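In the form predicted on its own, a lone chain appears below as structure tokens.
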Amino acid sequence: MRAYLLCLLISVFPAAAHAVIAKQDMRPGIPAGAEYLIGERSKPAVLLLHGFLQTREFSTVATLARGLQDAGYTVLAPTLSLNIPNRERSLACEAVHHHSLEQDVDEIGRWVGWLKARGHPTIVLVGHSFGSMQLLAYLSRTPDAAVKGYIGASLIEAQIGMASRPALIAQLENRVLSKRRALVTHALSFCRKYTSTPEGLLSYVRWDEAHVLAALKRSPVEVKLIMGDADDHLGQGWLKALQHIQAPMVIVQGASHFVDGQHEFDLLEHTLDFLEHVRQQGPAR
């Protein structure tokens, strides 16, 4: 099996010949793009989402995308706009951030609709890190009926450092209600200093551990988590919390947050297993 997966991961050139860049307007003046890797129509299509402030070129998702396409799966890998027209580069923590989780979720929905409009009746959402959380946020709304499964790799909550989350939420809510639009700076995810509008920061900060766990339990589609036991980006006790709610989960021994190196094969193998399971279930929900 490992030899087969190695062939999938290194056979990049044939896959590239069947790739196109899709474009959509997310909002007025905000076009965004996604790489569309065309596979077999009989298999589910995969919407693959990058992590916090990254792009579809981030190594974890780019490598997984090629492996999935070489296994015959169609992959759509968007780069979230983060309210920047045609964004192609990762966004620095030090930048001024004018995006929100609601906008991210809307863009995910637009890309799901794009896949469905091109004749893909079965779609599986696959995210890495913060992207896994953003896909859960999409699933917690009213997801398209074409979405049949969800994989969260290195799933995390919106981390805010050592601050009191209730106090921060109250402060941000007060700013929003009183229409104080001055930018605020606070820790978010791997950014020690993240500068954002109060509304934008609040939209992410609400997704604490309890919110993520509740979304997992309420997921309208089948779930699979792929986590590494050497992931030093996770909050203390996070894996135990996921196990406590009995989230379907594979723990990859020795894997970091980025599931890189030799563990790329584990990520691909577990993803392929889940996709085959979804394929066997058929398109009906």
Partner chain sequence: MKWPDSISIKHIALAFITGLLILVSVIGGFAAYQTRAVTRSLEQHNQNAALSELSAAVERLLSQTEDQAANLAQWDETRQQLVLPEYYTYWRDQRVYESGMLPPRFVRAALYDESGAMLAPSPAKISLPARLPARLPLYQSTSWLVDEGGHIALYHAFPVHNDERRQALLGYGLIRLDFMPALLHHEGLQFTDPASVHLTLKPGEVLAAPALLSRLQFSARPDPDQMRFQTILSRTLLALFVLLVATALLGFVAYNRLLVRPLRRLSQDIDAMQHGRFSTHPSRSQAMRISELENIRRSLYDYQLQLRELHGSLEHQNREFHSQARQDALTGCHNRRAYEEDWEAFRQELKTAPQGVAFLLFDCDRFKAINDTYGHAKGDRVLTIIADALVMALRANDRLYRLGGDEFATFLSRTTPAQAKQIAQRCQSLIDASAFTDLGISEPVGISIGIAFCAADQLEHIDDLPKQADIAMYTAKQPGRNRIALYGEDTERAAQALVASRETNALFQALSTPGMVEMHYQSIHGLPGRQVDYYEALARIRYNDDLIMPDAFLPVISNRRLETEFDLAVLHQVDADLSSGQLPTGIGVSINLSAQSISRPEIVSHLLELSRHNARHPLMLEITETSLITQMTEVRTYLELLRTVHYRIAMDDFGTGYSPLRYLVDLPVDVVKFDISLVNKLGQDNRAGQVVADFARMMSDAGYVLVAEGVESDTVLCKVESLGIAHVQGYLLSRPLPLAKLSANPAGLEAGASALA
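All values derive from a computational prediction rather than experimental measurement. Numbering follows the first chain given and starts at 1.
There is another form of this protein, the form predicted together with its partner chain, and it is not shown here; the text below is about that form.
Contact check for G29: a non-hydrogen atom falls within 4.5 Å of its partner chain in the model of the complex. Looking at H120, you'd find every heavy atom of it more than 4.5 angstroms from its partner chain in the model of the complex. Contact between T142 and its partner chain in the model of the complex is not found at the 4.5 Å heavy atom cutoff. At the 4.5 Å threshold, heavy atoms of S178 stay clear of its partner chain in the model of the complex, well away from it. Checked against its partner chain in the model of the complex, the residues R110, H98, R165, H211 give one hit for a heavy atom within 4.5 Å, which is H98. Of the residues given (T74, Q159, S203, N83), N83 alone sits with a heavy atom within 4.5 Å of its partner chain in the model of the complex.
Segments offered: 148-156, 169-177, 84-92, 127-135. Contacting its partner chain in the model of the complex at heavy atom distances within 4.5 Å is 84-92.
Shown here without its partner chain, the chain has R181, A182, L183 in 170-184 lying with a heavy atom within 4.5 Å of that partner in the model of the complex.
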